[in-house]
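Taken one at a time, structure 1 and structure 2 that follow are two forms of one protein chain, written as structure tokens.
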Structure 1
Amino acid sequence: MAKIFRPFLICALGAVVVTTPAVAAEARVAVATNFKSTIDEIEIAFEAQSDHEIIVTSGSTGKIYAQIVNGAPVDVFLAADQERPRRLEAGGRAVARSRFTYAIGRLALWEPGEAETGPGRLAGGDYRRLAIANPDLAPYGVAARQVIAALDLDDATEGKFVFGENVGQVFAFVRTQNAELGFVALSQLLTMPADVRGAYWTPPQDAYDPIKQDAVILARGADNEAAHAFVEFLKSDGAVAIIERFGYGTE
């Protein structure tokens, strides 16, 4: 009886192994604030074609970097610069050769409620507050200072700055009229209806260093199937189309 039973049992178990569906995985993705609206749409597209899921948190690139260094549970980091992902990779906190540029950000000077804005408005000085992201934390703040310097408007804007932790806060300062105008991400404005957006001006690309935004798989996500699947999806034609529609460049 035993000789007859064992083959049957092995076959039965084998059938169970073959037909058991793969278990979906979950990845934690930390993203720079400027990319939050874009990743919300990418997340929908990714999860529609995958069994995996992602959990998204956002914040300034500098703060997310500090949290990762201090052990925050993050599998994938989408920064607003190249430097922080490069440091993580060099320090062994990220998967080697997983870093790539997923978007190139564009800066915009925004003044809601106006028909036109631009360098002349900054030079005129008829405003109390100009909002920019903190250059120590956010690449969009660095870019804003570069534009102001390129326009030779350091003196005209002196004493008028109000600093946001990231471009999300800058956007909020301007939208709530705590600052008359500010340098935000173009992507933030393109999500708004034209009739409520007001005036904006996009500085020429040679007025500031390209805001190349790099993604990297962190050491925590090295064996996470969802993390790898999401990063591959981020490189796909479908994701690139979404990224470009939100006003970013791609490589």
Structure 2
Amino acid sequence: MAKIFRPFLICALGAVVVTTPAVAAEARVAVATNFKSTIDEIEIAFEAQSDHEIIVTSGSTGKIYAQIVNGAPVDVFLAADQERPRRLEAGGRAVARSRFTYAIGRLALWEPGEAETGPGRLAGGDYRRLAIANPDLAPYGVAARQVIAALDLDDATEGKFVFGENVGQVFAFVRTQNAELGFVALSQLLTMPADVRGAYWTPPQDAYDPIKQDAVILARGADNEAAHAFVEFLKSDGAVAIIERFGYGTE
């Protein structure tokens, strides 16, 4: 063997020696974008009390789902809905009975330019645009429609809607003032400093179906210790406290 390869060989051997006896494992966790800032904090807490590590990627629930179906290397999936994890479980791509609700999204009507907002604002009609997530694409869009219907505001809001692909986009529409108000996720607002947040109103939970976000262990992670340890941690009091602090409900 050429001399030049020797350092690499030594490194490689070293790596084998170092990693083989360790019990720590690594899991790949794909998470819906709305949960990204929350999971960053959960990851820190998890890795502080465990030898295991997780690698987090984020994206829209629909795209992650399509990637998993097409063989993406994901061990744990934290979706923004129940539908996709359910399908993965039914299709045998997820570990049976590993599915559970890790967070319940809460909707907020946000109007940064005002000191106060609420259903009265929607009814008054004194605004040009009301941004909501596209109900065909995003659970927060469905919830926004339900709230509007529950408050009997269909006529007042008629023709004012603009649709974001997801709540992230709705947030951008309102933040850049192109829409005066919009239905976003409470968790998005709580990541903002309070002094720039402006007014928001959280509709009562009985005005819309709970936005349940389910997690599932995928077939690839069935024997991955880190994946199981992380999911257990996600159910722990410590993780639940973080999840609730970011504006989600839990079961």
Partner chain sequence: MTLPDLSALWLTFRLAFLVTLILLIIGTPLAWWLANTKTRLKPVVEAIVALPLVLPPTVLGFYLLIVFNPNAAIGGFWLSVTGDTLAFSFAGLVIASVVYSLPFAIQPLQSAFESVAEGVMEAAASLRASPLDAFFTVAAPLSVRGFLTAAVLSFAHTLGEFGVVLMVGGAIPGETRVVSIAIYEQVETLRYGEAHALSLILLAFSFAVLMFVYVFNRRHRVHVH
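These numbers come from a predicted model, not from an experiment. The term rigid core refers to the most C-alpha atoms you can superpose between the two forms while keeping them within 1.5 Å. Residue numbering: structure 1 sequence, from 1.
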Working through the pair one at a time, identify the form predicted together with its partner chain and give its number. 2
Yes/no, R97 Cα shift of 2 Å or more between structure 1 and structure 2 with rigid core fixed: no
After the core is overlaid between structure 1 and structure 2, has the C-alpha of R86 moved by 2 angstroms or more? no
Rigid-core fit: what Cα movement does K160 have between structure 1 and structure 2, in Å to one decimal? 2.6
